[in-house]
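Take a look at this one chain, the form predicted on its own, written out in structure tokens.
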């Protein structure tokens, strides 16, 4: 290894994790709008640093994409904030918190909101470990007399022993007093569901793995909590505890009034990819075991997550509805942003019946029609595998591939005094 490389490696070792894996950016020639390639040659493990590994969220964008955007568009003041209107598991909130930036998220799934809020905010890990010990002791007694659910769904995905242990842990956690520690433990519980099921761990859509070895539920839960505590301690050593980070349950088609303050300097938006998958079926196992908690975390509005933006299959009807939804939600972000603010959309093309659907071009058409001005178009490469059932061919954006995966950046260039009129783009 050359002295220069040794020096660089030593320098990177001293950087915090969130500074070590930023995209490698190169410029592209041509076009009236600036264009770049963002190369992200890192593994999923490397990009799951700190609290990003708390909750496996299938279909999330790389943490360093949010990090790069936040570095590129810093908040003008401590009162300004970034908004993620497809918050998912809180990637944007975590990266913003690491940079001392106020952040908010919106998501229609209560599980996503729960995971996002636990990940992004400080936690009393000492108290969590104490509660874990009490839960373990209670489980050893409670599981023996626990009556597990008996239905076709649970029988298909879980062994009898696993079902009994999950039911026991769920009842114990449900009986805990409301607190941030309970939230943390619930995320850990939901986080092991796929691991202790009969499904493949890493596949997007659940599929039975006939060769999967059964895992002990309490051991898996204990390890998950302890790993989360260790990662959270590292995270808390890097953040400002006074910075607000919050994910709100709701629809991005109508933003809450609290965002009408003109302080949103940046929107980071990662819609579901067209013709990829819908989130509710993907997280069906987690929603099943989380159901008794849903009323608490939704204020009684159950099954709201089933109103998610439908992205699959990309029939004419679904495609029309998909783009109509994007138009409505970006009209909302345009409404709340002031001159000089930016919108960054992480989105990709897809194929339908073997034919390319130019989602990126269509999104640019919609967003510029609303009133945003093109600022910068970035095209992303990734290098990690996506799994047997994740349709890798749909995510091949390397080299001369027709499909592109983009980070499209727009700017509000003029002050507006009225909300723009509705404009429909046909499918």
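Numbering follows the first chain given and starts at 1. Just so you know, these numbers come straight off a predicted model, no measurement behind them.
There is another form of the same protein, the form predicted together with a small molecule; it is not shown, and what comes next is about it.
Note on the partner interface in the predicted bound form: the residue among 57, 377, 42, 49 having a heavy atom within 4.5 angstroms of the small molecule is 57.
For the options 191, 271, 348, 206, the one in contact with the small molecule in the predicted bound form, meaning a heavy atom within 4.5 Å, is 271. Proximity of residue 85 to the small molecule in the predicted bound form: non-hydrogen atoms within 4.5 Å are present.
For the chain shown alone, residue 325 is a contact residue for the small molecule in the predicted bound form, at least one non-hydrogen atom being within 4.5 angstroms. Not displayed here, the small molecule is kept clear of residue 95 by more than 4.5 Å at the level of heavy atoms in the predicted bound form. In the predicted bound form, at least one heavy atom of residue 279 sits within 4.5 Å of a heavy atom of the small molecule. Exactly one of the stretches 229-237, 171-179, 142-150, 87-95 approaches the small molecule in the predicted bound form with heavy atoms within 4.5 Å, and it is 87-95.
With respect to the small molecule in the predicted bound form, the three residues 109, 252 and 309 uniformly fall within 4.5 angstroms at the level of their nearest heavy atom.
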